[in-house]
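Coming up is one lone chain in structure tokens, specifically the form predicted alone.
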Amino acid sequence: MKSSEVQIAGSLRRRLAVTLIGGMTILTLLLFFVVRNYAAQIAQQSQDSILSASVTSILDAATMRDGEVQIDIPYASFSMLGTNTDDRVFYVIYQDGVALSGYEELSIPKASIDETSVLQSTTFMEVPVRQVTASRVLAGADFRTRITASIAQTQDNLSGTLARISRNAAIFGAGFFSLAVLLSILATSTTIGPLKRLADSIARRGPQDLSPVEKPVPSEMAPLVSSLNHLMHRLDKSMTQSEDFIAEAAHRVRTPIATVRSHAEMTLQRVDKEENRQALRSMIRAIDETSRAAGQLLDHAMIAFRAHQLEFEAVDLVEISREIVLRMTPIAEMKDIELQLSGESSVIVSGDSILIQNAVRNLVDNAFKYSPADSNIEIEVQSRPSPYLKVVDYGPGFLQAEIETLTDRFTRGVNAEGTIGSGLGLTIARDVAAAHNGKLVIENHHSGGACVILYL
């Protein structure tokens, strides 16, 4: 698994949204049923009140005349029961259990003694009805009788009313649910927002920016930010120690090796026996190979370390090339090689001066190693079309089949056999170019020899 890959275990935003929306769904359904049931009770109570008033008006119309019960049913007793759906109304009137008028098939419950109404839902003629029954006692000097009236009404209007209430409650519930979903999404975004802003703030930082996070964060994120700040502090300290170690290692390794080589050369001057001189020459060659390999390994380690925390500044590519030419001129003169610097007088680039210097030194050193005596090494620096440094030598050049692999670590071409080297020079130059969003081009010069171009 790559270090940049992160194992995903769900989404906090989704979990929070699902929790909020799920809760709102339950609340919406509960609200729908509560509103519907309450409205049904109110509608039923309204119908019961009208039915009770109708029964009461019929009982109030009952009178005694000459010992007989007379009931003149008021028109309002039934007109008040009119509905938009023309519900059917059934009634029956009893005197001491004997039907006087109405539907005798309409059974009635036993009225209570205190003459209160009896309400019930039942069926009559195979249709559901709401029935109200009440009774009243008529008494004279020598006469006492009980009048019982019962009215039943079909439920079509009530069912229609409940359907409208349910529809309106459903519309209200859907609106409430939609608003709740929008609020849940808004609440989720608001809650997750600080975490996303923190992630974006860290992502926008440069590789060398290991400063602590100082912006205020919610209290729930404080432990995370605190741990992140501690981690960045440890990373900063570790990277500083690594940089110091590389610099110290370069000094500690190169100095003893140079001392050993110096002693070996002095010993070679004092030894007369040819076989001993040959052994010393082999020792000096091995020391040179070790010194070069150690130096380039440390250079490569430093480049790998600094590539992620470049210290950009204005760098004069011509000035760096001129300094390297001055340092290498005495060695070149011993081999009758002339270092020629041409191009513009100043080419300013934005980059890490230490890395660029390492890249240029390795390219010039490579050209020096493979150049024959009495030849030239041409170094050209130009700013157009983009800043570049070109190093040309007149050595054996590159085999065309090997060009693609020569920038790999510890890879050397067939033409490099017998020449001291570690196979890291071109790798270092390539890595420096990549760190500056540039590239390294390797080719053979048209007049023979190698041509390497460092674009920055």
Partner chain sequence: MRHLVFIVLCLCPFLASGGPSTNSSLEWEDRKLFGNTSNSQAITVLSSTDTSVFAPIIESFLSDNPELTIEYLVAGSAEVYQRFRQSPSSYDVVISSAMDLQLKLVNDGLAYRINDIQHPDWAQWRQSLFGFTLEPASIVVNKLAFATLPEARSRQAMIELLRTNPDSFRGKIGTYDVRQSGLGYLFATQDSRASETYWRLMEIMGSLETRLYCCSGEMIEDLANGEIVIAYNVLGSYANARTDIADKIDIILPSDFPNTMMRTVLVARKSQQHRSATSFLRYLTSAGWDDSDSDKPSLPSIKDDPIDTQQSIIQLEPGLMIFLDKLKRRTFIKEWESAIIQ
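Since the model is a prediction, treat every value here as computed from it, not as a measurement. Numbering follows the first chain given and starts at 1.
Keep in mind that the form predicted in complex with the partner chain is missing from the display, and what follows is about it.
Engineer: Determine which one of 191 to 199, 359 to 367, 153 to 161, 223 to 231 lies within 4.5 Å of the partner chain in the model of the complex, judging by heavy atom distances; exactly one does.
Structural biologist: Selected range: 153 to 161.
Engineer: Although the partner chain is absent from this view, report whether residue 103 comes within 4.5 Å of it in the model of the complex, heavy atoms only.
Structural biologist: Yes, residue 103 sits close enough to the partner chain in the model of the complex that at least one of its heavy atoms falls within 4.5 Å.
Engineer: Residue-level question: is residue 107 within 4.5 Å of the partner chain in the model of the complex, judged on heavy atoms?
Structural biologist: No, residue 107 stays farther than 4.5 Å from the partner chain in the model of the complex.
Engineer: Using heavy atoms and a 4.5 Å limit, would one call residue 85 a contact residue for the partner chain in the model of the complex?
Structural biologist: Contact with the partner chain, yes.
Engineer: Wondering, does residue 72 line up within 4.5 Å of the partner chain in the model of the complex on heavy atoms?
Structural biologist: Contact check for residue 72: yes, within 4.5 Å of the partner chain in the model of the complex.
Engineer: Which residue, 48, 402, 60, 68, has a heavy atom that falls within 4.5 Å of the partner chain in the model of the complex?
Structural biologist: In short, 68.
Engineer: Heavy atom within 4.5 Å of the partner chain in the model of the complex: which of 318, 165, 81, 239 fits that? Just give me the one.
Structural biologist: Contact check passes for 81.
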